[in-house]
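Just the one chain here, laid out as structure tokens, in the form predicted alone.
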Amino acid sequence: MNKYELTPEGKEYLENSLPEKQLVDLLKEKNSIDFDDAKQIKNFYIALQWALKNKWVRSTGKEIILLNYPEHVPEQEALEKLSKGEDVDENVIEILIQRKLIKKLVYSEADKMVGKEVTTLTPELLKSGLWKQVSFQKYDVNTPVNRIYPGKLHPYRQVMEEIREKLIGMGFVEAKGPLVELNFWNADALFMPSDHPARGVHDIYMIKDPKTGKVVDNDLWKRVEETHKTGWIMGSKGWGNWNFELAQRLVLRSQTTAVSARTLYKLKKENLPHKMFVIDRNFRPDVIDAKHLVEFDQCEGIVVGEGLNFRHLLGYLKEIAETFGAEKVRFKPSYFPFTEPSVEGVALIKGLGWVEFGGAGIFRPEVTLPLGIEVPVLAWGLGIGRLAMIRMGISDIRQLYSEDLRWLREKEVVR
């Protein structure tokens, strides 16, 4: 049921009577009255308007004549009833609201809860202070409820974001490169020989149309060509040959080291030292099983600057491995066409034993000098998918890209 309260004007008319009631009370004694004498009534024109409308009086223009003295004035009686909290006819209520003599009381949801038992502590209850006037229903924590699955990042994405934050915190700048890449950047600029097994049709995806890309910097290509053929200014013998047409082929990038090569080419001396990383997708033909996919993610990084040495490289690798819960880290000699010396890192992970987590080394002069870099470059590439499997406790790499909603919902947050 609606509740109403009198406005200041309504309270005045409750005490002194409505203007039209005052007018007919004055006429009751004299039966007629001049306009000038009637104007002693406060709000005279309101009084005349309603008295004429109710056909209580007639106006000649100079005087007002009483036609019918009302025994009951519904609006006046309604004001008295409302002041006592009594009910009033809705038609009369509408008239009083139009005349702005009363207003409806508006109760908030919180007000309606006063004296009742509630189950939810709302912001409105807190702001109004009405939480002190309600009683709260006790909760049984053992009562079964429906499970809620809030939105969250894919577990694999969480691992990627964690290592990204780690590297940015270490001062590295994130870089990107094209997925469809020139074979030149994917292999030749990295001093991989034209007849290297990884260049074969079974180890790399070649693009059919268009087959080749453009040579933008002829001088760079000539330096790389001489390095492959004769060792250029390095004092080495190179590989003895170089296939220009193969270097021009467009391929699906097989390693994010291509981004490292592009970064070094663009670096200026005034921008050194420099630390860069990239986390991105690569493609290699492979037989899909629990440990292999034709698409995979790598986390690549380089550090460029004066005075860098092998010990600095091992320090970076150890720092990154510890991010993934490595209790101990070991390194063993390895071979990569573009680094010397080269190592592979293995980490002791609780419950999994020793796990290989990536390869690294110092870029050879055959890589850096043609690109215009004359200072040491530390480089590493991590199989971020393998690291994610370690963190997530899964044994099948295909689960990294799972669309199984049940697994995604129930998989604990990696952090």
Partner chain sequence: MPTITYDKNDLLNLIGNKMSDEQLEETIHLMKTNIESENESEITIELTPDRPDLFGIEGLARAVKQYLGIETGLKKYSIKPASVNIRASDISYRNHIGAAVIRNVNVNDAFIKSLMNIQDVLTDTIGRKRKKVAIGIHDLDKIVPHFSYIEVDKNEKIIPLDQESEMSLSEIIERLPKGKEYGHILSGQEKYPVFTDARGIFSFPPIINSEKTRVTENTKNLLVELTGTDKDAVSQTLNIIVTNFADRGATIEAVKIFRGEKFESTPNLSPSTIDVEFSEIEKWSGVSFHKEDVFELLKRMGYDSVENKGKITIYIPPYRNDILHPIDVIEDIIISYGFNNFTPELPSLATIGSSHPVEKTSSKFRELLVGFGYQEIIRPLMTNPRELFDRMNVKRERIIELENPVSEDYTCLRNWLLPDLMKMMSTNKHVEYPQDIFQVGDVVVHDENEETMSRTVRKAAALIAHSKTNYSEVKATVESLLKQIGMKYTFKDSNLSHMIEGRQAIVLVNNKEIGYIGEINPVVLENYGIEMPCTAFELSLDSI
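Numbering follows the first chain given and starts at 1. It should be emphasised that the depicted structure is a prediction, and the values quoted were computed from it without experimental measurement.
The following text describes the form predicted together with its partner chain, which does not appear among the structures shown.
Heavy atom within 4.5 Å of its partner chain in the model of the complex: which of E80, E117, E340, E94? Only one option qualifies, and that one is E340.
Go through I163, V88, A175, L130 and name the one with a heavy atom inside 4.5 Å of its partner chain in the model of the complex. After the contact test, the surviving option is A175.
Using the partner position in the model of the complex, report whether W239 sits within 4.5 Å of its partner chain, counting heavy atoms only. W239: yes, in contact with its partner chain in the model of the complex.
Does its partner chain come within 4.5 Å of any heavy atom of E9 in the model of the complex? The answer is no: E9 has no heavy atom within 4.5 Å of its partner chain.
Since only the chain is shown here, I'm wondering whether F283 would be in contact with its partner chain in the model of the complex (any heavy atom pair within 4.5 Å). F283 belongs to the contact set for its partner chain.
Does I207 reach its partner chain in the model of the complex if we count a contact as any heavy atom within 4.5 Å? Yes, contact at 4.5 Å.
Pick the stretch from 131-139, 71-79, 307-315, 117-125 whose residues have a heavy atom within 4.5 Å of its partner chain in the model of the complex. Contact criterion met by 307-315 only.
Enumerate the residues of 271-298 that have a non-hydrogen atom within 4.5 Å of its partner chain in the model of the complex, in sequence order, or give none. Result: P273, H274, K275, F277, D280, R281, F283, P285, D286, I288, V294, E295.
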